[in-house]
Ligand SMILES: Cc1cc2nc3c(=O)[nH]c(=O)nc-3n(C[C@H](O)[C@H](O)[C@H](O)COP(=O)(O)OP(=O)(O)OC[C@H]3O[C@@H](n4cnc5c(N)ncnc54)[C@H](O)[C@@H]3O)c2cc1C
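Only one chain is given next, in structure tokens, and it is the form predicted on its own.
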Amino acid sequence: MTTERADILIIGGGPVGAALALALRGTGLGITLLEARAPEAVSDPRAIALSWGSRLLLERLGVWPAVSPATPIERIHVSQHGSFGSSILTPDDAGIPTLGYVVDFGSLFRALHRALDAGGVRVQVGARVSGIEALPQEARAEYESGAKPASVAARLLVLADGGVLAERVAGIGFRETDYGQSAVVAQVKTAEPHRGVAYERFTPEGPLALLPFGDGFALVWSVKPESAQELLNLPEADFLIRLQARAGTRAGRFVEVSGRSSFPLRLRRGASSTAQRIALVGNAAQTLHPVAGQGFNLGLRDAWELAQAVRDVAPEQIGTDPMLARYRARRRLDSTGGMAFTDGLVRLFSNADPVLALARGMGLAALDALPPAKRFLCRRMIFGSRG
């Protein structure tokens, strides 16, 4: 089996891995990207919330005009079920044109891969990685493509695969917090147009988000696992009645639901975002609760910062301990802040404690009355720790 060589090997060609490869165009470095799926075969309709900050990064990568359709988020209405207090976040609060966009995973994936093709980045699709090995001078990955074994050696190996290889093969330890919740995701429609308004409603079981998406909403409803299974099995009319009772009437009357599925919710973070000759980005480094839509945006900033760390050193320094230490330092505040922010929201709001409900209501009302606090929160959500 021959071993190919590259300066940087990226395992995982989802949006974060693809963005990293695009951010490294023009460096003169040899970049190889391994992805199990062919772009034309990806028609995943899952909704992804992109912050305004992520749009700016995608513009720099030359991808944004091709990400279509994208539904703007013009306002976010935050409230809690069964108690007073609410707040409305607008672009003016953060000094930006719009808060963000909602796009489907498949469209984003294909737009990024079209840009990779145009940029001449070597992408090996249908590649299933069977093992990786980190040595002092290089890292290697073995993979199969069309049942034919192959291997690649690189100065730096980047895991952007969602975290499977990091734990199983790279030996990076992970800590996990089980929230005792599952997310029920679906597409829902209302009798009234959404007008670009997103809703984040906190309930005792967990947050319920409605994101404007096309001519309806993308629903992300956090509930207990047993409740999730029940919601999946309900007839459409009964599901809509249950949703209406939890979401309230601000978004209008729910008239249709499609594409229901669910997945468990956990906070998962690596003991480190690097190992010998290895860096982790996106969900490989940290998996967050979907509340406030921080996960993908944090991962995109991982990719951008790692690309900058590579650009800042000579080719022979790529993947060395000092370079990886600088990358860890650049990402520490943003990643730990993102995890603490989402984890804090879940713990503070996912309960029926009447004292906490009162405090939460007062906090939401105060936030709505304090523009500087609202600006800080908006920019933190949109741009991360540097907001």
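For clarity, every value in this text was computed on a predicted model and none was experimentally measured. Sequential numbering from 1, following the sequence displayed.
Missing here is the form predicted together with the named molecule; even so, the following discussion is about that form.
*Asks:* Looking at 310-318, 82-90, 281-289, 229-237, which lies within 4.5 angstroms of the named molecule in the predicted bound form, counting heavy atoms?
*Replies:* Flagged stretch: 281-289.
*Asks:* In the predicted bound form, is there a heavy atom of the named molecule that lies within 4.5 Å of any heavy atom of E205, even though the partner is absent here?
*Replies:* Close contact is absent here: in the predicted bound form, E205 is far from the named molecule, nothing within 4.5 Å, heavy atoms only.
*Asks:* Determine whether any heavy atom of S273 comes within 4.5 Å of a heavy atom of the named molecule in the predicted bound form, and answer yes or no.
*Replies:* The answer is no: S273 has no heavy atom within 4.5 Å of the named molecule.
*Asks:* Does at least one non-hydrogen atom of L29 fall within 4.5 angstroms of the named molecule in the predicted bound form?
*Replies:* No, L29 is distant from the partner.
*Asks:* Is there a heavy atom of F105 no more than 4.5 Å from a heavy atom of the named molecule in the predicted bound form?
*Replies:* Judged by the heavy-atom cut-off of 4.5 Å, F105 is in contact with the named molecule in the predicted bound form.
*Asks:* Report whether all of G13, L165 and G293 sit within 4.5 Å of the named molecule in the predicted bound form, measuring from non-hydrogen atoms.
*Replies:* Yes, all three are in contact.
*Asks:* I need to confirm a contact call. Of A139, A127, V123, A94, which residue comes within 4.5 Å of the named molecule in the predicted bound form, counting heavy atoms only?
*Replies:* That would be A127.
*Asks:* If the cut-off is 4.5 angstroms on heavy atoms, which of these, V197, A153, V185, A134, is the one near the named molecule in the predicted bound form?
*Replies:* Filtering the options by heavy-atom distance leaves V185.
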